[in-house]
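Single chain ahead, by itself, as C-alpha cells, in the form predicted alone.
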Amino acid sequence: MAAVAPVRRPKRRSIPVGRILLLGFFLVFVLWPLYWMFNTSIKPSDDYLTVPPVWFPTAPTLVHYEAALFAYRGLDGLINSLIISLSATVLSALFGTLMAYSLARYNTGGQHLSFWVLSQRFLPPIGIVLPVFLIYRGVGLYDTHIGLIIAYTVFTLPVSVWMMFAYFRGMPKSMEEAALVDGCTRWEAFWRVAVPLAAPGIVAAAVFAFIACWTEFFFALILTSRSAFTLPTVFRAFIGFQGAQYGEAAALAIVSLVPSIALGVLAQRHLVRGLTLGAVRG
C-alpha cells in the first residue's frame, strides 16, 4: 500500500507590526499639523487659545476664508502666484531641457560647466537682491509680473539644468542615432525622440521649479509692492501689534496647499519615474 504524502499547510505570513506602527507614526506626524491647521481655519476666534483645546469645532465657520481671500487680498496674491509660478516653471523647464541636452550630448563648455551652473544656486539670495532691486527700479521692472518671472526663472534654472543633465546623460544615444539614420535632423531627433523619452525627468524638474516659485518669499517681498505681490507675502499682514490672525493665516495656508497637492497628484507617475531614472550617479 502506497504511503500517503503529508498535506502541506500554507505558512501563515507574519504581520509586520513594527512596519505598521512606523507608518502609522509617520502618517500622524505628517497629517496632524494639516488637520490642526484646517481645524483652526474653520473654528471661531474665541476657540483659538482655549484650555483644553477645541479638537472638533461645534460651530464651524468660513468667515476666515472670506477675510483672508478678500479683506487681506489673498485672492489677488493667489492669482499673481499662479501666473508667475506657472510662467517661470514653463520657462525654466524649456531652457533647462535645451541647456541640459547640450551639456549631456555635446559637452558644451567642457567638463566643468555643468557644475558651474549648479554652483550658481549656492549663491545666497540676500547677496544679489539689492543689485537686482536697483536694476529693476531703473528699467521699470519693479512690482511687475515680468520682473518676478525673470527672477524666478533664473533662480530655478540651475536645479532644472542639473536634474535634466543627469537624466539625458543616462539615456542611451542609440535611438537618437537611429533617428538620424532615418533622415531626421539633429533638431528633429531632439524633439521627436529625446524629449518624449525624457518627459518624466522634465516633469520632475518642472514640479521642483513650481514648488520653489510657489513658496518663494524673499524676492517677492523685495521686488514687489502692491501690484505683483505673491501669496507668501500676504502672510505678513496677519501679524500685527494687537496680535495674530490665526484663523485667516490658517485659511490662506490651506488654500495655498491646493495647487501643490493637485500638481503632485497629476504628475505623480512621471514624478516618481523621473526622480528614479534621473538620479545623479557617482
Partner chain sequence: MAEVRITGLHKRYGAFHAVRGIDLDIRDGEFTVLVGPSGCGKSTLLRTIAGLEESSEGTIEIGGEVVNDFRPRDRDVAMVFQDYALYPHMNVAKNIGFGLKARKMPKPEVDARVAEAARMLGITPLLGRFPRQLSGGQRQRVAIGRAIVRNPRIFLFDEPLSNLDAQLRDEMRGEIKRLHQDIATTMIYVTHDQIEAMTLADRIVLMRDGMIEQQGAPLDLFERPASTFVAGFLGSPRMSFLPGTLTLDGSAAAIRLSEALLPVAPGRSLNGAIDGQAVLLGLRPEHLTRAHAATPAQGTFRYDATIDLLQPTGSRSYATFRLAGAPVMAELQAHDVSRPGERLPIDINMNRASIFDAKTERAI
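Residue numbers count along the first chain shown, from 1. Here the structure is a predicted model, which is why all the values come from computation and not from measurement.
A second form of this protein, the form predicted in complex with the partner chain, is not displayed here; the remarks below concern that form.
Looking at Arg169, you'd find every heavy atom of it more than 4.5 angstroms from the partner chain in the model of the complex. In the model of the complex, Leu123 stays away from the partner chain, with no heavy atom inside 4.5 Å. In the model of the complex, Ala71 stays away from the partner chain, with no heavy atom inside 4.5 Å. When contacts are judged by a 4.5 Å heavy atom cut-off, Asp143 does not count as touching the partner chain in the model of the complex. Between the options Leu94, Val154, Leu197, Leu113, the residue in contact with the partner chain in the model of the complex by a heavy atom within 4.5 angstroms is Leu197. This chain appears without its partner; in the model of the complex, the one residue of Ile83, Val129, Met175, Leu75 with a heavy atom within 4.5 Å of the partner chain is Met175.
Annotated contact segment (heavy atom within 4.5 Å of the partner chain in the model of the complex): 185 to 193, selected among 185 to 193, 203 to 211, 101 to 109, 85 to 93.
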